[in-house]
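This document starts with one chain, in the form predicted alone, laid out as structure tokens.
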Amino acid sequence: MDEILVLAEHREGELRDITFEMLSKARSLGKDAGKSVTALLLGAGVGDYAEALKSHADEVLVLDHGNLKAFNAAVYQQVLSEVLKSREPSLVMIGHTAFGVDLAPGLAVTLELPFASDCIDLAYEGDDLKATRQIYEGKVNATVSFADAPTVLVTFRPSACPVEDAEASAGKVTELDVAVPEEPAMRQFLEYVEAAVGEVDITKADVVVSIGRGLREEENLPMIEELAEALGGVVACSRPCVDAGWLPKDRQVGSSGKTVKPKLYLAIGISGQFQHLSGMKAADTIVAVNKDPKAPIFSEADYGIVGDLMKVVPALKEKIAELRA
């Protein structure tokens, strides 16, 4: 079937950003390849979500059932198997999140689907789908193809695609009639435990000043804190700074930390490995300061300053104070 099916992800009363990112990529693919875009929404009491999704897809399939109130990969897998068997979409997209990593591999094995995980891009070359994945710790982008099959499955990395504006015309909403099993005794949802938020929630900040190992030593941290204060922002960091004990884990940005989408992201002394980029590339404006002109961070930055941060940061702070005066 000439259909791209996107599995909507929601948690604790909110549709996750990855849902709209995948729908944006699906719409782009669909325009080029002549395929429709369908959002699949599973859950309990999810009518409001369907309203939010229908301007991003040609059709929203809704299965509202009490057994889907909490995410359980075992239950989702059985439901998805029935939906995919009946519709045979050409492409199925699931977020490369804790939700998707738990669900997608087993689904691929059960239905014997060609599968690529953690994709950062997708494109059609004629009728053939190509997926881009990163290998060798993000040093190389690899383009992979799929075995010939009616349906292929991918997980898509969060923040790999910007969210496009919603379409003016809304898609239709269709209620599904699919049997939903109860949770198996060996795997049941108990409770959702929210990670503790520290004294600063970097995910809510409009301005984030983030540091990397280029800061050299913890004694230089007050200089960064003063710059963040001057900008009305918060201080965050890459993983090496957490490993060194300079800042707590809740300040870490990246694939093993938090994802931030501030209006301004100032990356100071951060080389820009893909693990870090995945957590901040969706910022509105990215400014990078690094003495290495070949640092990967500059490939994502809107503005770049090549220089010693020990000289650049005081100059920035002085200029900001001058402008505010």
Partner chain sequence: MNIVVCLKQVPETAEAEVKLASDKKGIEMEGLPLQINEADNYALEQALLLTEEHDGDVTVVTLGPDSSDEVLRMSMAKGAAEAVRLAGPAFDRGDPVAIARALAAAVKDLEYDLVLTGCMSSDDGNTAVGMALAECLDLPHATYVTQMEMGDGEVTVGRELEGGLIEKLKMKMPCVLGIQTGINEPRYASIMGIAKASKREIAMKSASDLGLDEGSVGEEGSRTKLEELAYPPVGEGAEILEGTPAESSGKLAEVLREKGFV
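As the structure is a prediction and not an experimental result, all values here were calculated from the model. Numbering follows the first chain given and starts at 1. What we label the rigid core is the largest C-alpha set whose atoms superpose within 1.5 Å from one form to the other.
Here the subject shifts to the form predicted together with its partner chain, a form of this protein not shown in this document.
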>> Test of understanding: in the predicted bound form, would residue 146 fall inside 4.5 Å of its partner chain by heavy atoms?
In response: yes
> Does its partner chain come within 4.5 Å of any heavy atom of residue 167 in the predicted bound form?
Replying inline: no
> Wondering, does residue 110 line up within 4.5 Å of its partner chain in the predicted bound form on heavy atoms?
Replying inline: yes
>> Using a 4.5 angstroms cut-off on non-hydrogen atoms, would residue 96 count as touching its partner chain in the predicted bound form?
In response: yes
>> Just to confirm the contact call: exactly one of 217-225, 186-194, 85-93, 171-179 touches its partner chain in the predicted bound form at a 4.5 Å heavy atom cutoff, so which is it?
In response: 186-194
> From first to last in sequence, which residues of 206-242 have any non-hydrogen atom within 4.5 angstroms of its partner chain in the predicted bound form?
Replying inline: 207, 213, 214, 216, 231, 239
> residue 40: with the rigid core matched between this form and the one not shown, does its Cα shift 2 Å or more?
Replying inline: no
>> Taking the rigid core as the reference frame, tell me whether residue 106 has a CA displacement of 2 angstroms or more between this form and the one not shown.
In response: no
> Can a Cα shift of no less than 2 Å be assigned to residue 216 between this form and the one not shown, given superposition on the rigid core?
Replying inline: yes
> Between residue 285 and residue 18, do the C-alpha atoms lie closer or farther in the predicted bound form than in the shown form, with a difference of 3 angstroms or more?
Replying inline: farther
>> A 3 angstroms or greater change in CA distance between residue 285 and residue 131 is reported in the predicted bound form. Closer or farther than in this form?
In response: farther
